[in-house]
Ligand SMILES: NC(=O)c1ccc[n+]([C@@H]2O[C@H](COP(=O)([O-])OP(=O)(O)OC[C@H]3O[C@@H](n4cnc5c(N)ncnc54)[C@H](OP(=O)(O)O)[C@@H]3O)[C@@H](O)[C@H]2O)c1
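Presented below, as C-alpha cells, is a lone chain in the form predicted on its own.
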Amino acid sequence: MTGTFRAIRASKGEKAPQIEFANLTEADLMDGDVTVAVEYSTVNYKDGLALTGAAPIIRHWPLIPGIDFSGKVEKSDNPNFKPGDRVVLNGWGVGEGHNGGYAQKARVKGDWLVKLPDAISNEQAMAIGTAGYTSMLSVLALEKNGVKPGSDVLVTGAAGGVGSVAIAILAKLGYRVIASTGRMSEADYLKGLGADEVIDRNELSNPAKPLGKERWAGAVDAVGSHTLANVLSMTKYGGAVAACGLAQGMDLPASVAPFILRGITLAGIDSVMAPKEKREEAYRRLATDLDMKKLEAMSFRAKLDDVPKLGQDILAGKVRGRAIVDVNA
C-alpha cells in the first residue's frame, strides 16, 4: 500500500453527513505516533449513528468514520510497537473526533492500541470488535460482582453484536443464558450460540414495576430505558446488571427499590475510554473464553462499499451478529 489509500469520508451536511469514497494520502491522516496498515473494520450500533447522523457522534469534519480496526503496524515512533505487530483499536474517540477504521491506513496514538493475542487473528478481532469487547467487559463486571457460573443470566438485544458475543461467552463459562430479542425468528440462531431460553423483548419493553418476580442473577443489557428498568426489577437478591447500551433510549425510568430492597448492583460498562489494563484483560479472556467456531457462526463478510448500507441496517435492527469489513476488498 503506497501513495494513496481508499477510505470512507464523512463531511458535514445540512441534515445528515455526506458520505463519500475517497482516495487519500498520509497527509490526510491525523497526529499519532503509530501508523497502521488497516486490514479489517466492522459496523457497530455507534457506527450506524455516525454514518446516518441519527445522533451527533462525529465531532470533527471531514472525518473517516469507524470506531474499530485491526491490522499491522507499518511505522512506529512508539517504543511499545514495531513494524509487523498485529494490533486492534476500539474506541478512544476514533471515528468520532479522530480519523477511524473505514480506511486502508490509520495513524493513532500507540497508547490506544492493544497487541492481539496469538489465538485471535486480525479478522477475528473485527468479528469481535467494540461489541464483543464490550460483551467481555460486561461479563468481567458480573464476575467481579459475584454472579457465578451455573446461575441464570439475561442478555438483552440478544441477536445484535453485543448480545451474540455475550451469549457465546456466558455459555462457554457455564452460565444458563436467557436471551431477550425482538426477533423471535432468530431463536434457533440464539440457541446455537448457547442460549438456554429465548424470550420476546416485549416482556421487558413496557414501563416497569418497582419490583418484579425474581428471574435472573445477572444481566448484560444493551438496550437501556424501560428494558433496563424491567431487568433491574426482576434481578434476584444480591445480583448484578451490566449496562452497556442504549438502543431503546438513554433514560432509566426505574425505582430505587431493587437497589435498597434486593441489594442489586448496576455496573456501568465504558468501552470507549477504558484503561489499557482493562482492554488487555478483556482480550486475554476473549482468547480463552470465546468459542471461535461460534464467533464464525455469528459473523458475515462485507466490503468497504457495503458500510453505508450496513449503517442504516444496524439502526433498523436488520443486522444479525457481527460484520467483518475487509477494507482492502
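Position 1 is the first residue in the sequence shown; the rest follow in order. Just so it is clear, the structure is predicted and the values come from calculations on it, not from any experiment.
Not pictured, yet referred to below: the form predicted in complex with this ligand.
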- Item | Three-residue site A222, G245 and V272 fully in contact with this ligand in the predicted complex at 4.5 Å by heavy atom | yes
- Message: Would you classify G160 as touching this ligand in the predicted complex, given a 4.5 Å non-hydrogen atom cut-off?
- Response: yes
- Considering only heavy atoms, tell me if R86 and this ligand come within 4.5 Å of each other in the predicted complex. no
- Does at least one non-hydrogen atom of T235 fall within 4.5 angstroms of this ligand in the predicted complex? no
- Message: Contact with this ligand in the predicted complex for R183, defined as at least one heavy atom pair within 4.5 Å: yes or no?
- Response: yes
- Sole residue of T130, N230, N99, Q124 within 4.5 Å of this ligand in the predicted complex, by heavy atom: T130
- Message: So if I measure heavy atom distances to this ligand in the predicted complex, which of the stretches 41 to 49, 257 to 265, 285 to 293, 28 to 36 falls within 4.5 Å?
- Response: 41 to 49
- Taking this ligand in the predicted complex and a 4.5 Å non-hydrogen atom cutoff, the residues of 201 to 219 making contact are R201
